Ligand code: HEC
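Just one chain follows, in the form predicted on its own, and it is written as structure tokens.
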């Protein structure tokens, strides 16, 4: 008898996640020697032994579910691990693609829970109505539920499977004082079937649309927390059926030039999954293609540390447009080199009243402009114009910072040690100037500014335990680096290095200094790290 543990399942799943994000079939000389059968044939041959086929192409359970690529991957890996499903890496990848394309989710259906697919850390989870939050989202995120679709009958089967797989559910829900089983088997499946139904008009419409061709030049901009803004140009070349190779060259606010490339699969006609390198870092990419095929948005993150990553926005080059300005604000009396990103950037350049502009360099998709702001210029947003193009709220003038907003406002970091890496927490300080006017106060967003970072005990209990001494440290970019896990003889009762901290950002070139705070919990290691948390 083979004994299998949850930790070994996570190791297998981690390897499969890398294959999914790689945007390319699995490797292996033995498997490569034999052509992989197409999806429908694989489904019959590899899955039909347990999942009864009826009515043509209907397979019990399989055909009654819709999932994202990550959702189907988790299901298939579980079949391999717990039920000895015999699949090569190439066959697994083929099945994930086939099922995601034919039984996936439409863009509108994934939108509320995309943060889980993009592995965004410290994001507030969806709140399910009524008892669903208590019944379903105590062990994993509500997003995992929202990223699949079933009818009420199959949601009931899912409830039964949960109880068989995790018999302690009754205790986990503190459910002995209420009729939890009656609710779980009557009300919950019906409610889930209404919220997340198998059949929807959104999927019926989307599944009939042809997949867009992403080949061409794209303009890119984004923000990496702790590091600043970046911008540049990406070239996407088609290499196969819904497969692409992307190369890009970026400039950063710190004056660095960054190049990268990735291999990509476009699942379900809009789900971009890529894997490659950005400078010296191995990264994964989870983006969503807009329904009109004209823009990509999402997040890339380090393969080994998903909590470290950045937003990614890209639009097709071609239509005349103003896309981004960096830096997005200048102080009165200051001068700086400002980059304008866009297409069709011909003609005179203006940054609005109280500013003076001189074009230093023009390229196909950007302008380098020297901008000077008068000392007496009125603070507020400016209309940026290049020839006939103009855009508001891409650039602002300010005389002082009145508020720092630290993001995330609440964060969790995790101790590391042994085979488990620590999970860092990355903070950013977003600056505002609040302007009083006839219609009330207008908050003018100035962008992310460099600040001084520090941590203090969050409350008296944390101060007494000296949490700021033991839990870890914060560096100059706002990244909190947790300490090692395990008993610490220097702490009371040899306690772990967990802590409850206040994170403070301070902008000291203002008089008086402007500060902002966030709350950070440093807690124990995380052992399970599935692609949808």
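Positions refer to the first chain, counted from 1. Just so you know, these numbers come straight off a predicted model, no measurement behind them.
There is also a form predicted in complex with the ligand; it is not shown, and the following applies to it.
- Comment: 67 to 75 is the region of 449 to 457, 400 to 408, 67 to 75, 226 to 234 lying near the ligand in the predicted complex, near meaning a non-hydrogen atom within 4.5 Å.
- The ligand is not shown here, and in the predicted complex it never comes within 4.5 Å of any heavy atom of residue 209.
- Contact between residue 443 and the ligand in the predicted complex is not found at the 4.5 Å heavy atom cutoff.
- At the 4.5 Å threshold, heavy atoms of residue 483 stay clear of the ligand in the predicted complex, well away from it.
- In the predicted complex, the ligand sits beyond 4.5 Å of every heavy atom of residue 284.
- Three-residue candidate spot 62, 138 and 144; every residue lies within 4.5 angstroms of the ligand in the predicted complex by at least one non-hydrogen atom.
- Proximity to the ligand in the predicted complex, defined as a heavy atom within 4.5 Å, holds among 124, 178, 83, 419 only for 83.
- Contact annotation: of the candidates 413, 192, 105, 314, the single residue with a non-hydrogen atom within 4.5 angstroms of the ligand in the predicted complex is 192.
- Applying a 4.5 Å heavy atom cutoff to the ligand in the predicted complex picks out 85, 87, 95, 99 from 84 to 103, in order along the sequence.
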